[in-house]
Structures are given as C-alpha cells and as structure tokens.
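Taking the form predicted on its own, here's one chain by itself in structure tokens.
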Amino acid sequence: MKLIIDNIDIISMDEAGHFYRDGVIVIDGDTIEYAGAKSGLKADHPDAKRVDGHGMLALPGFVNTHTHVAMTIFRGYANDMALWDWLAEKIWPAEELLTGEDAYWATLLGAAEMIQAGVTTFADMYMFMTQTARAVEDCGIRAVLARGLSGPDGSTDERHREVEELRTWRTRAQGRITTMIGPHSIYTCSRDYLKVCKGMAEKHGVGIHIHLSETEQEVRDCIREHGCTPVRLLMELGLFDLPVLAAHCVHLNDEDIEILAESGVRVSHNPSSNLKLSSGFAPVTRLLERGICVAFGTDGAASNNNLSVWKEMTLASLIAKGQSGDPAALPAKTALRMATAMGAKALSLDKVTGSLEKGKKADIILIDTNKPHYFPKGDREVNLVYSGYSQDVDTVIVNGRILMAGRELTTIDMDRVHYEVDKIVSRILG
C-alpha cells in the first residue's frame, strides 16, 4: 500500500540540504518513493492512503545513539550522586533483581516515550537484550542492540550466549534490528577481555558500542593502571580497527581527539546525563571541527531523566555557546543534523535512514508548527532547535508504519505498560 503525505513542508536533511515548501512525500511499503516538490511528482496515485500535512513540518526521525532503555524502571530512583557511587551503591544492586520480562515492559515504556518525542531509531546497550528486541518487534521502532559485556567473570559465558541469541533477531522485525558488540567500558573490562570483544565483533561483522572517557576518574585510573588514556588504550588494543560508537568522550586531550579523528570513531554526545552526574561537557565543537561524526544520545532514564533527543539537541547547542564564549558555536542547523543524519551515520545506518529521500526507509516525523512558539515562521531549523518541544511531534512513521498519529500511540497499550511497570517497581524498589 502507498501512503502519501501531502501539503507538507519538508526538511529533507539530504546532503544538499533541500527544503520543500508545500511538498509531498510518497511512501511505498516501508520505503520513501518520493520526497520533494509537488511539481516533481510523476503519478497521481489515486488509490493511496493520504495524510494531510497542512501546518506540519516533516523531517527524518530523531536518532538516539546511546541509551539503556530498560533503565526507565529506575527513573528518579537515585539522584544527585557521582557516577561511580551512583553505579556501585544504587544501580548495580537494583539491577540484580531485574528479570527478562521486566526488561520487556520497561523497554516498551521507554519506546513509547521516545516515539512521542520523535525518536525513530535508538542504540541500546544493556541486559536482557532479546527481551528488548521482542519489545522493538512489537512496537515498531528501529534499534541497534548490544548486550552489555563486562569481566570476564562468572557470568561471561551466559552473556556470550545472549550475544549469539541476539544475532538471530537480524532476520526479524522487518529488518528493523541490527546489532553491535557492547563492552561496557575500560574500567569494567580487562585488556584481554576487550580483545575478546573485538574478536566477537570481527566474527559477526559488526561494530563496537562502548562508554569512553566519561569521567576524570576513569581517565586518571587508566593512566595509572595502563600508562595511557582510555582512547589510546583502545587504539593500542586494536578496537579502533572496527567501526566504534563511543559514548560520552567528555575528558579528551589533544592526542585523543586526533586518534578519534584518524580512526573514524563516531561519538555519542550525552549532555543531560553528563551534566546531571557532574561528569562535564564533551568538547563538541572541537570534535566537529576535526571532522568527527558526533550525534546525540540520552543515556538511560536513570541518569537523564528522560529520553528526548530534542532536549539534548537544544541543550547541547546552548551550552556549547556558553562554554566556549562563541555565540556561533554548534549552530542550530548543525545540531539538527546531529540529531538526524549524523545519528544515522553514527550507527552505520546512513544508507537506511537519517534523511528524507528516495530509497531510504520511511522513518518520518511530522511536527505541528501551528503553535505560538513557531510564529513568525522564519528559519524552520532555528525555530525547531531553539523554540520547539518534543510535545510538538504529532505523527511518527517508522518503516512506513504509523506508530503515532495526533499524539496517539498506535502500537503500544500504555494502560497495560503502566500497570506492569508499577508492579515491577513495587517488587524491586518497594
């Protein structure tokens, strides 16, 4: 079936940066057949289902490049703590009580939140990833999943079995699930085990998703134990020979930035979580100037405390200016590209999603711009970044399927999700 979105302003986010006023988007199954001016449309498609986009703005869905989505269960549980204390005293003990079924319902809760905030793709690293994959299949969102790995310890073999099981999901969910290998960090994985993770990634032909240089303590401890920074350590171990998605990258020296640039490492910038945990603020402007692909992540809801890429986009642009003293730092157009096209590139999905153009999967969000904060209707991208809110997302389409219309979710029963999550929270947290 064809779906046509008519009378719609389109920010394509293609390489040429096309903007189409009062344009049209034609979706054939799961794929964009046409996106552009009405004058370029060659056929009428009288039998297609139509959506009137009057007053709306279409753009590719936002991409959340780093999260632990099932941690929505711990939203608001532990606050105002340093990262290591937060992990060791609160989060890790509570996680021992989680089950796979808990992760399924918590993932649906996080997916609902992301869909309502315009996120169509997310990258996740956590436990019980087959249950996360089941939730992804059921709700229709796109995901890049990695079983979080640490050790080696008594659970290593079981984690590796989960990695193998997760790989079977590549042929399910209409192709919306891809995978990575997810060593948690250099402080939870030994040098030898990081090499094992590299070997698994090479075996499966996938990339690495890892936390990197998040805190000053991580960097200090690495220099003391290994004689180099975390970035140099991963380079020396050969992990950067593979596609690497590095979350955080807050504490980097000049050499680190050069290594990341020369190695083609993609960086997931998580400003809200980094600020809340007092980890700092990544040198985003310098990374971008060096040609590094930087995209946005939210981290988990336990440390953010929400999953809105829109919020990250706005916050990052404003803080980059205040931090640098340069009002031109991280301009709105760059921030919007980081939330969409660069997010797709960071996850090696730039051939699949991230822009509205022929041949890409139909991952589209419609923004309701008939609101006071969008008037006067000047530069659309500037208004989105500096004036807009996640609640302005009206419609979300992933793989050609409508997941939300008129702010109403179509694939998730929120009453059931809330009921199940309340039961889990009562059991785990009391």
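On a predicted model such as this, the values are computed, not experimentally measured, just so you know. Residues carry their position along the shown sequence, with the first being 1.
There is another form of this protein, the form predicted together with a further copy of the same chain, and it is not shown here; the text below is about that form.
(Q) a further copy of the same chain is absent from this chain, but in the predicted bound form, do Tyr104, Thr179 and His204 each have a non-hydrogen atom within 4.5 Å of it? (A) Not a single listed residue reaches a further copy of the same chain in the predicted bound form, so no.
Q: Verify the contact flag for Val382: yes if a non-hydrogen atom of it lies within 4.5 Å of a non-hydrogen atom of a further copy of the same chain in the predicted bound form, no if not.
A: Within the cut-off, so yes.
Q: Classify Ser348 as contacting or not contacting a further copy of the same chain in the predicted bound form by the rule of any non-hydrogen atom within 4.5 angstroms, answering yes or no.
A: Ser348: no, not in contact with a further copy of the same chain in the predicted bound form.
Q) So, in the predicted bound form, is Asn306 in contact with a further copy of the same chain at a 4.5 angstroms heavy atom limit? A) Contact check for Asn306: yes, within 4.5 Å of a further copy of the same chain in the predicted bound form.
Q | Ser185 within 4.5 Å of a further copy of the same chain in the predicted bound form, heavy atoms | A | It does not: once a further copy of the same chain is placed as it appears in the predicted bound form, Ser185 has no heavy atom within 4.5 Å of it.
Q) If we take heavy atoms and a 4.5 Å cut-off, which stretch out of 306-314, 351-359, 158-166, 219-227 is in contact with a further copy of the same chain in the predicted bound form? A) This holds for exactly one stretch, 306-314.
**Q.** Of Asp153, Asp254, Asp192, Asp80, the one that lies within 4.5 Å of a further copy of the same chain in the predicted bound form (heavy atoms)
**A.** Looking at Asp153, Asp254, Asp192, Asp80 one by one, just Asp80 meets the 4.5 Å heavy-atom criterion.
Q: Scan Met200, Leu237, Leu275, Leu87 and let me know which has any heavy atom within 4.5 Å of a further copy of the same chain in the predicted bound form.
A: Exactly one listed residue reaches within 4.5 Å, namely Leu275.
Q) Can you tell me which residues in 311-339 come within 4.5 angstroms of a further copy of the same chain in the predicted bound form, by heavy atoms? A) Contacting residues: Lys311, Thr314, Leu315, Leu318, Ile319, Lys321, Gly322, Gln323, Gly325, Asp326, Pro327, Ala328, Pro331.
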